[in-house]
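The data below hold one chain only, encoded as structure tokens and taken in the form predicted alone.
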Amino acid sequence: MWLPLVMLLAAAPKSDYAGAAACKACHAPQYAAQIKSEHASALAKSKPEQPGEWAFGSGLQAITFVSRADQETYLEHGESWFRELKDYARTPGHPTAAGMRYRIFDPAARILRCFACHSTGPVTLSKEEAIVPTELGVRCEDCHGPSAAHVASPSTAKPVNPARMTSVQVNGLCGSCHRMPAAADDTPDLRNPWNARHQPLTLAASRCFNESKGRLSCTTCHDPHAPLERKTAGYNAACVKCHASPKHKEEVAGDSCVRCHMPGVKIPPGIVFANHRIAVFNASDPLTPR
């Protein structure tokens, strides 16, 4: 059974975590690449010119701001900054510009999960009951597990190695924050544009994933130690590993695989997510496979 991420993190104390800087001495190339990635900058303190106390998101597409509203509540601001707009606009999913309030001790732990998914290690509370992340951003130990023991004794204490996981396990690992694949009794609406941001969910619904015999996972296309690849050529190279000579019924010369098979889904006011439900789509409908 999959447990909420907050419960999983709570199982390991802060002392079990070494921090990303401790990985640098032995894994310098991976550290140098990962620190430049969008994951590494997923959470930061707001800059003086920004609103709020916390800035969620790397800014590749948007940044959403969060403040502590009172002793029991955090406020997710109703306006986010969008790179496409180069300006502020309504935070997606917010009915008004007033923002959304979350109780710290909400049984669903929603605000704690926000911090947990944008940081590394257990999320704790200060004496004043303010939320305190262990390490800002999604760093090494989010994927490799608590590694203080490995740092102390590299030869005897081995960290988690996602490269040895099955594609389903990798999808589940990434899905702990990007949303898990649907359970057997769950039928999410994959035509809802909002679900385009839940990549493991939509990937698990694609024929490519289900018929790949375990060869396709998140890390097939995304180097977990590097910034997000922005050029389609890198993704095309992953496609041809399985589809060396694809047969097309329409002229596609010079076009990229992902433009047709993973079209962009626009979510107002200024976000675009690639549809990971890999299929053939009509240009007018990037959500419904033909």
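So that there is no doubt, residue numbering starts at 1 and follows the sequence shown. All values reported here derive from a predicted model rather than from experimental measurement.
The same protein also exists as the form predicted in complex with heme C (HEC); that form is not shown, yet it is the one meant from here on.
Every member of the trio Arg113, Thr219 and Glu229 reaches heme C (HEC) in the predicted bound form with some non-hydrogen atom inside 4.5 Å.
Interface residue remark: Arg164 is counted as part of the site for heme C (HEC) in the predicted bound form, having a heavy atom within 4.5 Å. Mapping the unseen interface onto this chain, Lys36 falls outside it, with no heavy atom inside 4.5 Å of heme C (HEC) in the predicted bound form. Remark: Cys208 counts among the residues lining heme C (HEC) in the predicted bound form, judged by a heavy atom distance of 4.5 Å or less. Among heavy atoms of Gly78, none comes within 4.5 Å of heme C (HEC) in the predicted bound form. If you take 130-147 and check each residue for a heavy atom within 4.5 Å of heme C (HEC) in the predicted bound form, you get Val138, Arg139, Cys140, Glu141, Asp142, Cys143, His144, Ser147, in sequence order.
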